[in-house]
Ligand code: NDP
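Next up: just one chain, as structure tokens, the form predicted alone.
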Amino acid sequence: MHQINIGMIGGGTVGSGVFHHLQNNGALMESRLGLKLSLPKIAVKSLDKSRAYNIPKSLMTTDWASVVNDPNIHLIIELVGGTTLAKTMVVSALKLGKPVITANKALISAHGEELFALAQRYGTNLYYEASVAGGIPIIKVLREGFAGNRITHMYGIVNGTCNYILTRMKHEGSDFQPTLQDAQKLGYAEADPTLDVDGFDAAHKIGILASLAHGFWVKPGQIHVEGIRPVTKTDIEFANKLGYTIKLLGIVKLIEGATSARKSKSVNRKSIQVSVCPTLVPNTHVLASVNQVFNAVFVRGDAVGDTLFYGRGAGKDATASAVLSDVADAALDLKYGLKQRVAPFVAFEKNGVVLPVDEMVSRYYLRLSVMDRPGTLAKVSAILAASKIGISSVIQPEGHEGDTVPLILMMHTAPYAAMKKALVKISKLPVVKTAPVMFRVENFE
């Protein structure tokens, strides 16, 4: 094979970026790969849509099936998003034995295990580097670069919208809602920001990384997810006074010696913790300085130690870079007749389990809005003490107008279930005027 003919489905932001950079750097890629790359067909929803980079109409069609079914097309790139029609497109291509490249994190998160099995059944491959963290090659790192490591910890800032909002809130002292509105005006947040600010986009990505790192498929419903809507400028301010920065953090931890009630005592199971939530990160840690729309993934392996991967997590150019990386891999596989030079996902851990959120153990930041009366702190601390939860520090600022004041508590390590039960009791105290706000505190130990 001397030429690879590529069919692309989707000509929007990322698709036009892939076309643009393939035009610019195609000759460079060809010299590195030792074969020709051609992109003769691109299926789009609308021929007249305005695009970030122009695509000649002569290359476009609105019939995606004509691209997938063309016998002269060797390789399919899927960039339409979603989990319904996109799945139909990917399944159709795989059943024809055609390798597929996708940037669709929602599709991989929801149906990855099924699609990888289908690729294997039909003797082809599914490439998905662009599905997580844009231009950061984290999929390849976990699948190939760290093949000789047990991954014990992984922390990811993997949603640029949330990171942009939290960065602005910290640096400008602004609150969540006006900062979100500015992000929408600037194009950093969607008109409906739910997928981003409520943590679901990050959960798709961190679930994929957890699955790769630990060898069993982590389903979206197994991931504990919290978004950034509850974060206020007050939280940002007090976190900074305590020496922390608030980030939406995806967390994957290998839990040694876990005793989940879901486990069979007769089977030795690998237990991991997988969550996405606003987290207090020490200002001295490198992740605290990852700002604006940038992403970063911190990985700790038993052999390599601590590593950090940093870069742009979204957009037409960074994501296109990841797609073209997969084009290079797929082209080499086709060139040498390799069905799966590197398997997309290997289920090497048959007995793995994701621990339920109630069994997560962490330190916590707690903000209460309380009546400014003698004995208020004593009532709160009595409930925490009865739950065997220790307080490491307390801030009750002076100078607040009105009858209520914020009460900030930093907690010692405690199970999540114990904290939630204690908060139910605390919220019922007459001196507590609004629902308690609790965030995780991570010290990366």
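We number the residues from 1 along the sequence you see. What you are looking at is a predicted structure, and each value in this text was computed from that prediction instead of being measured.
Separately, the form predicted together with this ligand exists; it is not shown, and the next lines address it.
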Exercise for review: Counting only non-hydrogen atoms, choose the one of 76 to 84, 359 to 367, 113 to 121, 302 to 310 that falls within 4.5 Å of this ligand in the model of the complex.
Suggested key: 76 to 84
Point to revise | Interface membership of Pro436, this ligand in the model of the complex, 4.5 Å heavy atom rule | key: no
Review point. Contact between Thr279 and this ligand in the model of the complex at 4.5 Å, heavy atoms?
Key: no
Practice item. Examine Tyr128 and determine whether its closest non-hydrogen atom to this ligand in the model of the complex is within 4.5 angstroms. Key: no
**Study point:** Contact test in the model of the complex: Leu409 vs this ligand, heavy atoms, 4.5 Å
**Key:** no
Review point. Are all three residues Gly97, Leu212 and Asp333 in contact with this ligand in the model of the complex, where contact means a non-hydrogen atom within 4.5 Å?
Key: no
Review point. Between the options Lys388, Lys420, Arg32, Lys45, which residue brings a heavy atom to within 4.5 Å of this ligand in the model of the complex?
Key: Lys45
Check your understanding: Which one of Val274, Leu248, Ala314, Val327 is close to this ligand in the model of the complex, taking close to mean a heavy atom within 4.5 Å?
Key -> Ala314
Point to revise | Stretch 91 to 111 - residues with a heavy atom within 4.5 Å of this ligand in the model of the complex | key: Ala103, Asn104, Lys105
